[in-house]
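Before any questions on binding or motion, here is one chain by itself as structure tokens, the form predicted on its own.
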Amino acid sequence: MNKISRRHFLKLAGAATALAATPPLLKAQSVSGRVVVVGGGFAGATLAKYLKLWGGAGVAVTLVDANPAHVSCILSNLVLTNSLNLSQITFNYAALQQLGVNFVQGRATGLEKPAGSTWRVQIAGRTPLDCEHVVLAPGIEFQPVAGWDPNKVPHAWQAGAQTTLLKQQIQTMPAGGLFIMTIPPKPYRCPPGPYERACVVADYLKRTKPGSKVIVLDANPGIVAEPETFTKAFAQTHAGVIEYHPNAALLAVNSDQRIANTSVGDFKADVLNVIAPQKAGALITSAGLTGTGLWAPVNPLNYESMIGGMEGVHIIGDSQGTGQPKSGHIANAEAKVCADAILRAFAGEAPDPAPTTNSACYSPITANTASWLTAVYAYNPATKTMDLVPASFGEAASPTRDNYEDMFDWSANLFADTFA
């Protein structure tokens, strides 16, 4: 893996927000149309914002989410160790509403196309919403695991109440206790996130609950993201505290006894954190938009569904199946590509033929050091896929205090670009 300089990484990390000043290449004419966006996370909120910023008054944008605000998974591991509060990573939609986005709090339950080219989005207990384009950004759902009750054994992979529950369990864990976490097979939301969690929890336990251990049960054959960074962190920085097991596929859970049954044995914990295998959001699955797979196949030029009869339905963020990583930063980038393509469609134009996206993220390793990972993806017209640009792919040479400080600048910029 490349060792990219910190200066080059900071340039790449700011690339997504730099697009804020780049309007779509539309003809000198106004556009009009209706778009309903389902899901108010990094993908959906960014798309709603930029449709209004770039499309103007003629584009009616409605954002639908079951919750009045979004709790960011980015930085949420720091809530577990009291480094942050949930309120610091919770964002409402007031700024988007000021731009002209219509926000509807409700649960989208289905799609239909009763009249020609107009889509209708069904909302539980509310009047359906009609539009020419639907954008689905519902995030992830978990695949079933025998015996798993997330109210007893939290995942904390959808930030909010689950984060609070896992935090409480960690805080009440006895000194000398055992924290066990499972990592699902890839792809899953936030590739470095589980390894980051293992590190920050280990660091917290060393400081507050001496003698405790962290056992990582990874269904993958090895560390999925930042392998050099996390291998060193497990073996050196947190030596004697973190115990790592690859190829440990989760088979079942005894939620009352906090036991994980895996392909490499059974493990009983004082605190058990099950990050279960994942798939596209429920609305996407129920609408048949994943085909025979777990994720939604889309055209990466405009993120439109590749399932027949679903023209005008777009999927972005964690549920898309382009092979790009499932992360907040790249969801923000995908949203801008999709917004641009929809506005071009309203103007009768084709999508940008050469889109790029980038993924950048920081991973705290201790209470005051962090690492980072970056990658750029470019459209390959021959294969019609988004391919990794090899020279862009790299991780930090080592965790540092500077990286830890930069992490908050990066996240603040991403939060502002998405929700403010």
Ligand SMILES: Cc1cc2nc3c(=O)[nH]c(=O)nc-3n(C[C@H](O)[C@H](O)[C@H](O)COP(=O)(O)OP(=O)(O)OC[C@H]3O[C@@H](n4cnc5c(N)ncnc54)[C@H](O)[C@@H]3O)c2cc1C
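Residue indices: 1-based, along the sequence shown. Remember, it's a predicted structure, so these values are computed and weren't measured experimentally.
Heads up, the form predicted together with this ligand isn't pictured, but that's what we're talking about next.
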Which of 391-399, 60-68, 347-355, 375-383 has heavy atoms within 4.5 Å of this ligand in the predicted bound form? 60-68
Quick one: Lys49, Leu129 and Lys336 and this ligand in the predicted bound form, is every residue within 4.5 Å by at least one heavy atom? no
Any of the heavy atoms of Ala370 lying within 4.5 Å of this ligand in the predicted bound form? no
My question is simply whether His133 lines the interface with this ligand in the predicted bound form - judged by any non-hydrogen atom within 4.5 Å. no
Interface membership of Tyr204, this ligand in the predicted bound form, 4.5 Å heavy atom rule: no
Asn77 within 4.5 Å of this ligand in the predicted bound form, heavy atoms: yes
Heavy atom within 4.5 Å of this ligand in the predicted bound form - the one residue of Lys279, Lys213, Arg107, Lys232 that qualifies: Arg107
Could you tell me which one of Cys190, Val253, Leu111, Val298 places a heavy atom within 4.5 Å of this ligand in the predicted bound form? Cys190
Could you pull out the residues of 118-145 that have any heavy atom within 4.5 Å of this ligand in the predicted bound form? Ala137, Pro138, Gly139
